[in-house]
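In structure tokens, one chain follows: the form predicted on its own.
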């Protein structure tokens, strides 16, 4: 399923909608998102676990994947489909061992070396970016651009989720450069109509991939 993705929506409760993770996930799934990634580095396990479990059930009812960002404890407790770690988070090789072979491991990467290391560590997919400038998350990295994305696509065989400043206007170019799908935050989570925004992305990516 990873290689056939069209849209990953990352939940972020700081986007101004006032919605919690579950509400964002529900609307994004209605719009056609095929992967939901819960990202919350400050909430407690006790606070987040009920939402995570509810999102897992929603994702299964929509035949979508549920991934937890960084929090392996939450991913395992909620029986998520997998976890996603960054370069400054839990080491990918150790995350792979803890998750076991039955769950998905995603790794954020920002360079060719990091992408190749993630593949060697047993990642099932990589996130790559920021492709364009973004104000959602301060990664400490300058925009990588489409040429860097093309280089990553040639060097690794894993599915690539492109992230960072991706909009309806530029997502076609992102897919053409080699991304499997976009991973979006504010473009969907902060939209006035989350479901409609997700549907628009899903349709645009499907057209770009020739799946429509």
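Numbering follows the first chain given and starts at 1. This one's a predicted model, so the numbers in the text were calculated from it and none came from an experiment.
Heads up, the form predicted in complex with a further copy of the same chain isn't pictured, but that's what we're talking about next.
Segments offered: 44-52, 149-157, 27-35, 58-66. Contacting a further copy of the same chain in the predicted complex at heavy atom distances within 4.5 Å is 44-52. Although the partner is absent here, residue 87 lies within 4.5 Å of a further copy of the same chain in the predicted complex, judged by heavy atoms. In the predicted complex, none of the heavy atoms of residue 116 sits within 4.5 Å of a heavy atom of a further copy of the same chain.
Though the partner is left out of this view, residue 72 does reach within 4.5 Å of a further copy of the same chain in the predicted complex, counting heavy atoms only.
Interface membership of residue 111, defined by any non-hydrogen atom within 4.5 Å of a further copy of the same chain in the predicted complex, is ruled out.
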